[in-house]
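The chain that follows stands alone, in the form predicted on its own, written as structure tokens.
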């Protein structure tokens, strides 16, 4: 059965030819996206994702065409028409169709669409056993706090991770103190040293929605939080490490490149955060 998508206020078969070749998302990557988890027909942290998308659209001077409650209603209809209760809701907005000139067009309506797909399969037992990650040069632009559709560097990093048998690639940069980590190609990163949870500050990284929730949870279980540059040497020497994302949730990291993290197994504090996050997921559903 062919799936249906939402596009500019209507529902269409997924194969319907809708976007113009002059859409600025296709021509320039002039657009934004979000990915929201669907669990039992409800949506995880829907408000926070839409809030981030609206904020980014305002920064880019891009009109946002729908209210949050309207989008939630359309998303729920996608669940019904597609019969998918556990999946991933992809949302995208572009500046719209216009002649291919670099400057912003005037009086152009944005294009907005949503696609609901079945939840992708995670590697078997990865949440219990942990995963390997690799490092990759951070060759991205200077507005990583915006969740734009300009993802070619992320794609290259993720493909390299796949070729090396790793789950994720962590971006690295350098300063006068050495090499530091910023974030994963599609995830936020954390390290634990003693009772301190360390995560890179929001310095040209995406302010992850799941990242924010995990920081809130860590405070609830009396962990100290430090948001600052996380250097490679201390990451390799940390007690525990993990990733967060909409799909990965809280995912232990046990190896980076060829270096084992601590004992090479998920640590107790990571498992605690993992457990609390999973127990609270129902309360974040809409």
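Not measured: the values here are computed from a predicted model. Numbering follows the first chain given and starts at 1.
Keep in mind that the form predicted together with a further copy of the same chain is missing from the display, and what follows is about it.
- Taking non-hydrogen atoms only, residue 25 approaches a further copy of the same chain to within 4.5 angstroms in the predicted bound form.
- In the predicted bound form, at least one heavy atom of residue 148 sits within 4.5 Å of a heavy atom of a further copy of the same chain.
- Taking the partner from the other structure, a further copy of the same chain in the predicted bound form has a heavy atom within 4.5 Å of a heavy atom of residue 30.
- Looking at residue 164, you'd find every heavy atom of it more than 4.5 angstroms from a further copy of the same chain in the predicted bound form.
- Only one segment in the set 191-199, 123-131, 153-161, 73-81 has residues whose heavy atoms sit within 4.5 Å of a further copy of the same chain in the predicted bound form; it is 153-161.
- If you check a further copy of the same chain in the predicted bound form, you find a heavy atom from every one of 60, 113 and 185 within 4.5 Å.
- Contacts to a further copy of the same chain in the predicted bound form (heavy atom within 4.5 Å) from stretch 96-115: 100, 101, 102, 103, 104, 106, 113, 115.
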